[in-house]
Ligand SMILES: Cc1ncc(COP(=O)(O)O)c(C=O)c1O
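Take a look at this one chain, the form predicted on its own, written out in structure tokens.
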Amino acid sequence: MSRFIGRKPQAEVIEEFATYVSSGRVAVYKALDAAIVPGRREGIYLYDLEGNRYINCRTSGGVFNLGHRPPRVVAAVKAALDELDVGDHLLMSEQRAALAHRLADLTPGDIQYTTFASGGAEAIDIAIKLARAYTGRPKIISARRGYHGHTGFALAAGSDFFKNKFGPIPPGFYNVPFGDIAAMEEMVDDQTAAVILETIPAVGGVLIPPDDYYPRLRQLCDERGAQLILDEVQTGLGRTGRMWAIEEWEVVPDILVMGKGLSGGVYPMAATCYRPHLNDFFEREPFSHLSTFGGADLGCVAAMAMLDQITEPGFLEHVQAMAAQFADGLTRLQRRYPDLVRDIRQRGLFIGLELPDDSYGMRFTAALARQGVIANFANNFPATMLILPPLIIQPEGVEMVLAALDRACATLA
């Protein structure tokens, strides 16, 4: 018998959540026909407290890249609990040093240094602070419909949909359309500290840039002394079939931010990784950013176990094979429902399905939940459904998701 799951009936838990956590969220979950309280969780599956099974194709934006409770990560953290705790953030750490070394080996180009955080938004804040401190410039340019988190500078760099609710927003933040190099050329100037972008915007609808966009942006930043920050919190760590999405364009950013999947789905972790020239600031001001739980020793153990798994021979090849199976199935789906599935945007297991208009996002989310698949629409582009299955999904799991998508389409059509 479980000690933590199912201590109360699902209806009672929902009422308790509404009363003491968020009544607004519960109202939304009910509207989406997704008032699900997670209970047992294993691999690609999530069960609610009433025993209904779902395939998790939301994966919390990539937190569960290795599925729920991945055995290797769970075993590593259990073993570490016999010796470690979170560690003291003001002292050095053997685990933090080892993980940072590993990330230096895995990140593009000459990226070498890492500052750890407990979540992606904090890691974005670090990146923006570092770019401003290093350049002495105020201006931060990001993409419309972009999303980088809900705190501080991360919120300011995101879309109006979120930040306008919490004004006044700090000055110096500007948005341009994603993928529009001409707009970037007009906006980036000698006061620009950084350009910050999700390599492939997720909440913006899985937007794929033109082939020459990132090479030209890299050149533009170099010419005008701006730092290029890439947010790979969702696209990094194998999601696109590459270790990092930016590898497709063979560009090295000045700062690379990662999170979500770095946790192994077990312990909160995020990281801001940067090239050697940016370390000049932290060399002079080594305690200018502190994070009590950033790079916790137990989190580093979880992250190392996760990296061990995704760097094994054949892992990325598996992601690519499952992506090809999805691509074939989605092409058939579009042929059957051409008026409903307007566009398919995909890199690896990072998939966006564009529907006729924004009203369909909520409908499709609800329809999929009734078919046993958890997924959600892109908040900044609600006409797009986001499909992010665990990277460990197998062919039979892919077929189950495709069948659920077909049934959901039939319902809406």
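In this text, residue numbers run from 1 along the sequence as written. Since this is a predicted model, take the numbers as computed values, not measurements.
Keep in mind that the form predicted together with this ligand is not shown, yet the notes after this line are about it.
Chemist: Please identify, from 325-333, 283-291, 137-145, 113-121, the stretch that has a heavy atom within 4.5 Å of this ligand in the predicted bound form.
Modeler: Of the options, only 113-121 has residues within 4.5 Å of the partner.
Chemist: With the partner absent here, would 205, 354 and 376 each sit within 4.5 Å of this ligand in the predicted bound form, counting heavy atoms only?
Modeler: Not a single listed residue reaches this ligand in the predicted bound form, so no.
Chemist: Can you pick out, from 265, 238, 149, 295, the residue that has a heavy atom within 4.5 Å of this ligand in the predicted bound form?
Modeler: Partner contact (heavy atom, 4.5 Å) among the options: 149.
Chemist: Note which of 128, 233, 256, 303 lies within 4.5 Å of this ligand in the predicted bound form, where distance is taken over heavy atoms; exactly one does.
Modeler: Flagged contact: 233.
Chemist: For 330-368: residues with a non-hydrogen atom within 4.5 angstroms of this ligand in the predicted bound form?
Modeler: Contacting residues: none.
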